[in-house]
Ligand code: ADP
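Before any questions on binding or motion, here is one chain by itself as structure tokens, the form predicted alone.
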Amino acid sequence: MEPIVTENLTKYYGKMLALDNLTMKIRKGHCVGFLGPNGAGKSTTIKILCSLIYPTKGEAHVNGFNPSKEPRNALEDVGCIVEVPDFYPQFNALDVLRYYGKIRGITGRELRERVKEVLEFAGISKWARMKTPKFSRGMKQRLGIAQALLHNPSILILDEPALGLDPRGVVEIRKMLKEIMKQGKTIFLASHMLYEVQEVCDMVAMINKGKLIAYDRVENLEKLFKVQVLEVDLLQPPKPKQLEKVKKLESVKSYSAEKNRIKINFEGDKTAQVKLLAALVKDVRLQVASFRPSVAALEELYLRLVEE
């Protein structure tokens, strides 16, 4: 049984169509990035999964239960953040976690131990007695993740967990999510940032105007866009003879070079990428500092796809 399933999920707000027959299955232990521009239907989907709103038609199932009909059973083993987390202003972080723990039926020594564990995991132990209105946005996101993990759920549903954070905050949240993945939990992560999804998730579901337009493994993103652009950073600018050799390499369709960087239009799988890197180093004798898919190229193509 898949942890999360949607079948022809449709939602209208008045005459506005927010979700259009969304059908997908999320397998256990995977981190699925739910990727789409603002207004694509991501938050609407998450609110239906969390029993905050009802679909116009179609069904969702979480752990085999319909959250619209059996919310308690559906969400018993789920931790979630919906939009920006906020908390009662009179509470400090300890109060927040104790309150949510008691709602979840955790009491006594178990509650004390779990509160300590999630505070440490979220990196906010030293601010445990600080009132939440004094928390920065990043600290509130950390506390939100802590409360979502409090009852040790097997499923996490997160709506834009890095939204509005500075670069350091984004990196910290990303690190937390990678640690959670190692625990074998199923994560459904809504985001409008392609790079965030690439860094954290192993699967990606793309949505636009309420419609699912692609669902595949992250490493197949280039195939979904029907293009692969590799960025190769070098310690020294390449010589003309080296560029001639690059042009003749297997799987290289074309290239462009600027200072210490070569962008290669490439055709092939991961094995072909390994062979290409080896050839650049051994045959062309380039001093390669980094070798990676071009995020900028993917973002440009992704934007073009959702515009279409």
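Residue numbers here begin at 1 and follow the sequence given. Keep in mind the model is a prediction, meaning the values are calculated, not measured.
What follows is about the form predicted in complex with adenosine-5'-diphosphate, which we do not show.
If you check adenosine-5'-diphosphate in the predicted complex, you find a heavy atom from every one of Tyr13, Gly39 and Thr44 within 4.5 Å. Of the candidate stretches 265-273, 247-255, 58-66, 31-39, only 31-39 has residues with heavy atoms within 4.5 Å of adenosine-5'-diphosphate in the predicted complex. At a distance threshold of 4.5 angstroms between non-hydrogen atoms, Val284 is out of contact with adenosine-5'-diphosphate in the predicted complex.
Residue contact check for Met24: none of its heavy atoms lie within 4.5 Å of adenosine-5'-diphosphate in the predicted complex.
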